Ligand code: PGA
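Have a look below at one chain only, the form predicted on its own, in structure tokens format.
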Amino acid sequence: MKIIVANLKMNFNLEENIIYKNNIEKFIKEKDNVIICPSFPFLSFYNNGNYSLGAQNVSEYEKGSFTGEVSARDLASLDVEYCLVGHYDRRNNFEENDKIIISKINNIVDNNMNAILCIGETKEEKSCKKTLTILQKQIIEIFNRISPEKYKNIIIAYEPIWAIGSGEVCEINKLKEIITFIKNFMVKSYKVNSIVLYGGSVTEFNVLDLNDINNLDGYLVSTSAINIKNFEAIISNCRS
């Protein structure tokens, strides 16, 4: 079973979260490698399910007078095991740079959680055939400034910017090439066998073809995770 990360973003209120949780607990089994990432107010609401708990964001600061921020220590105390970092939503809408992302990763790992680092290229970069160059650059800028002992706690999510919410999905043969490139580069440069996920318009239909990519470890799903029937279908199609 591949890893499936559900990024629910800012979509559900309390009542909707109750309905969603009740539904997913009907079909998620303990053997399923599912990670649910709700919004901050509902993290504790999702505790103790047949899935792992993830956060969508974390503060770059360890603790202190930072009104409205949520620390990695806070997340860990709620049994959060994973946290997204570097997502395009954060980079684009909140102007998060590599320095901030590195601080967040350090805080996450220092509190015994795992970071899910999002990387990806724009449509223009894809058109100019710069995908591998851009991904390598993004990896280097983060991993060269993080202690090697933390590498094993960083999952890489390849999420091409041009595919997010577009309905477009990376072509299978190209995605095989990209996943192989990332994995080989991580072994060669950082001596670590990284877990690599794919995100970007993943659906219950195209996941059947994506499953054929043997070295792809799983998916980061947003839009299709919000619709409970679609999400159930994705999980069902990923079960061995």
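If you're wondering where the values come from, they're calculated on a predicted model, not measured in any experiment. Note that residue numbering begins at 1 and tracks the sequence as displayed.
FYI, the form predicted in complex with the ligand isn't displayed, but the following is about it.
Participant: Determine which one of 164 to 172, 144 to 152, 97 to 105, 75 to 83 lies within 4.5 Å of the ligand in the predicted complex, judging by heavy atom distances; exactly one does.
Facilitator: Heavy atoms within 4.5 Å of the ligand in the predicted complex occur in 164 to 172.
Participant: May I ask you to check whether residue 220 falls inside a 4.5 Å heavy atom distance of the ligand in the predicted complex?
Facilitator: Within the cut-off, so yes.
Participant: Does the ligand come within 4.5 Å of any heavy atom of residue 121 in the predicted complex?
Facilitator: Result no; residue 121 lies far from the ligand in the predicted complex.
Participant: Residue-level contact is defined here as any heavy atom of the residue lying within 4.5 Å of the ligand in the predicted complex; does residue 9 satisfy this criterion?
Facilitator: Flag for residue 9 set to yes.
Participant: Answer for residue 201 alone: is it within 4.5 Å of the ligand in the predicted complex, judged on heavy atom distances?
Facilitator: Yes, residue 201 is a contact residue.
Participant: Counting only non-hydrogen atoms and a 4.5 Å cut-off, give the residues of 81 to 106 close to the ligand in the predicted complex.
Facilitator: Contacts from 81 to 106: just 87.
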